[in-house]
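Here you get one chain, nothing else, as structure tokens; it is the form predicted alone.
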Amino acid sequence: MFYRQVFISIFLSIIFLFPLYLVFVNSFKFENDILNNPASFPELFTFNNYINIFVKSNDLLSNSLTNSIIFTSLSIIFVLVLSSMLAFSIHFLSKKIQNIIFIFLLLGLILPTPIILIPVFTILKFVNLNNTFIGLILFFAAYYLPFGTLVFRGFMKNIPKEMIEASFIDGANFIVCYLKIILPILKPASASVIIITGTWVWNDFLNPLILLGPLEGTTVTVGLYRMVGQYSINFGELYAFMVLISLPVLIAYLFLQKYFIEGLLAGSGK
């Protein structure tokens, strides 16, 4: 039984790691080597693909990275603040009302973005926020608000209400209790929300392409799409671009992985 589990784990790891291996090794290959044998380890390493990205596509790389960092950072801040405050407010309601609210939140998680893209575009156009950065950020914040609230709600189940009520008796108001008591306790759950929401926003392709439009800016995924020409593709530079735009997410995960699983599993059992 043990060896079977080990074999299955190794097999699944290979399946998930093989695409990463292809991207990484091909980013150091010459074009002919990639086309002839994409799965082989490079015989001659070259950094020309990375150099060409910074030389020929520097504007595309810098603009897409800057825009994605802005969108991702602000979306995470909105989701963290709004979802944690919403979970904190719901924590004092009765179980029946909590269940009703979370049914609506679950409906928000069930609906895929392509279904609501046209209504969202219509609403943003009505308030003159279509093709704007703030419109896309507000969309991300609203769409991922249910996920953040559910994660924080599961974590807050382990916080005794007596502790919160004691702070109110001592004279603390809602904001003080939220900032000085709730937020420090929610650090593991916050790490989970940051990693998952940040990954979703960073990797999103369709929503920035439609809601921003072709002229208002680009993100890393849209920039990757624009590197694919109609008649020619430089695979080496394409793979190098993939590696560069993946680094911020990997770095963030390395810093926050300590709290990641703890935050997701919080509230699963008491």
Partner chain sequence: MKINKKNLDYFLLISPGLILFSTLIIFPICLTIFYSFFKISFLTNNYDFIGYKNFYKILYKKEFFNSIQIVLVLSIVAVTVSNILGIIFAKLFNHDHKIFLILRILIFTPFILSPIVIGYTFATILTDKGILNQFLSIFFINLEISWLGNPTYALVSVSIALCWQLIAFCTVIYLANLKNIPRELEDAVEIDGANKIQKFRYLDWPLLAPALTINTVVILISTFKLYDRVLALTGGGPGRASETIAMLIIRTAFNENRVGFASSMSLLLLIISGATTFIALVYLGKREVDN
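Positions refer to the first chain, counted from 1. Since this is a predicted model, take the numbers as computed values, not measurements. What we label the rigid core is the largest C-alpha set whose atoms superpose within 1.5 Å from one form to the other.
One more form of this protein should be noted, the form predicted together with its partner chain, which is absent from this view; the next part is about it.
In the predicted bound form, none of the heavy atoms of residue 73 sits within 4.5 Å of a heavy atom of its partner chain. Its partner chain is not drawn, but in the predicted bound form it has no heavy atom within 4.5 Å of residue 50. Mapping the unseen interface onto this chain, residue 23 counts among the residues with a heavy atom inside 4.5 Å of its partner chain in the predicted bound form. Proximity of residue 108 to its partner chain in the predicted bound form falls within the 4.5 Å heavy atom cutoff.
Heavy atoms closer than or equal to 4.5 Å to its partner chain in the predicted bound form belong, across 27 to 44, to the residues 35, 36, 38, ordered by sequence position. The Cα shift for residue 163 between this form and the one not shown, taken after rigid core superposition, is smaller than 2 angstroms. When the rigid core is held fixed, the Cα atom of residue 93 travels 2 angstroms or more between this form and the one not shown. Annotation: Cα of residue 39 displaced by at least 2 Å between this form and the one not shown, core superposition.
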